[in-house]
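Starting off, we have a lone chain in the form predicted on its own, written out as structure tokens.
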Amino acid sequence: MDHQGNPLTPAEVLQRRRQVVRAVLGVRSALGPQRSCAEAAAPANVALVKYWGKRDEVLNLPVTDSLSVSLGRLGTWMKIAVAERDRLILDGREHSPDTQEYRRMFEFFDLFRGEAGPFLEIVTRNTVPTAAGVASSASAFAAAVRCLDVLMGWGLSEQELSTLARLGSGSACRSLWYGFVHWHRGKRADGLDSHGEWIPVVWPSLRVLLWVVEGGPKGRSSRDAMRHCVTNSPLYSAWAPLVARDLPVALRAIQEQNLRELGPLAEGNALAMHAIMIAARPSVRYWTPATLVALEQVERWREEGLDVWCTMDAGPNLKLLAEESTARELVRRQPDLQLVDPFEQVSVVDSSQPGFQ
């Protein structure tokens, strides 16, 4: 939509997004590939204070700030190589140009190249379920901009990379870092002040437990659900004031490493987001019967004296927050929980070195 609410043509959308790319890259936008290939990894992230709703859909500019923690080694690995034709190989399977995954990925890469190319072969794999509400798109586009930065020789700052990643997926701007990230909504119309900021706090005992109750793709994209809720949920007007109250409390809890303050806040924020979805007309429901069983189990664990809280994104799966000793007890009781250290980083081999596969 333009500023008058009129729909933009695909060419107009591309033009607006390319204006941001040119503003970030400057003279570097004219550079061709400086290397033949590049490799990168990026973590998925889970929002502790959510963003739900956009002030600009074309540039993925949010209505509110948000706050996330990474999923450590869980995320996306990607290798990009200059090739004779465009190819996307995702999780070991080549995707044809008519698939949604192919179109979305190459629409993003088209922001950075002209009609003359270069053509690119993208080989990527996710270590979280794809399109299941576990932020695989966030880590994918974060890995993509890191690859492009090396391939094209841009030498961008983390803030600039975050701004570009946001054009692929809003929450990708939070997947440039491990640990905690604050996404600033920004005020500028061009979105150059809307980016992630790493919070320099390491919480050694904090653990995230991924509880995948439904591993398949979700039936409705987050983008579509978000758009629907903004205009069709009677509860949406309460969302921005809620985030404004939750965010400073969450930031303080992180600085103090106080899970008994952060956990209930993150759980309440997530449930409020899902309440907005459920109240929409027609309703948006990502929860499944297995989701409800898992939520009730988390409550029972707390009644038994375990300090554990959960959060959820736009999907049926849960992410639990607990200290390490509690987390290991939870895994003993529920072996299908995947234990994650949010601060554990992935080391990526330089693709220019001999022996790279």
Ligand code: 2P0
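Bear in mind the structure is a predicted one, so any value in this text is a computation, not a measurement. Start at 1 and count along the sequence shown; that's the residue number.
Another form, the form predicted in complex with this ligand, is not on view; read the next lines as being about it.
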- Assert contact residue (this ligand, in the predicted complex, non-hydrogen atom within 4.5 Å, options Met273, Ala250, Leu74, Leu151) equals Met273
- Query: Considering this ligand in the predicted complex, which of Gly191, Gly179, Gly170, Gly263 comes within 4.5 Å of it through any heavy atom?
  - Reply: Gly170
- Message: For the interface check, one of 79 to 87, 154 to 162, 94 to 102, 220 to 228 should have non-hydrogen atoms within 4.5 Å of this ligand in the predicted complex; which one?
- Response: 220 to 228
- Should Arg55 be counted as a contact of this ligand in the predicted complex, where contact means heavy atoms within 4.5 Å? no
- Residue contact check: Trp309 to this ligand in the predicted complex, 4.5 Å heavy atom: no
- Query: For Trp301, is any heavy atom within 4.5 Å of this ligand in the predicted complex, or not?
  - Reply: no
- Indicate whether this ligand has at least one heavy atom within 4.5 Å of a heavy atom of Thr124 in the predicted complex. no
- Of the residues spanning 21 to 57, the ones with some heavy atom within 4.5 Å of this ligand in the predicted complex are Ala47, Lys50, Tyr51, Trp52, Lys54
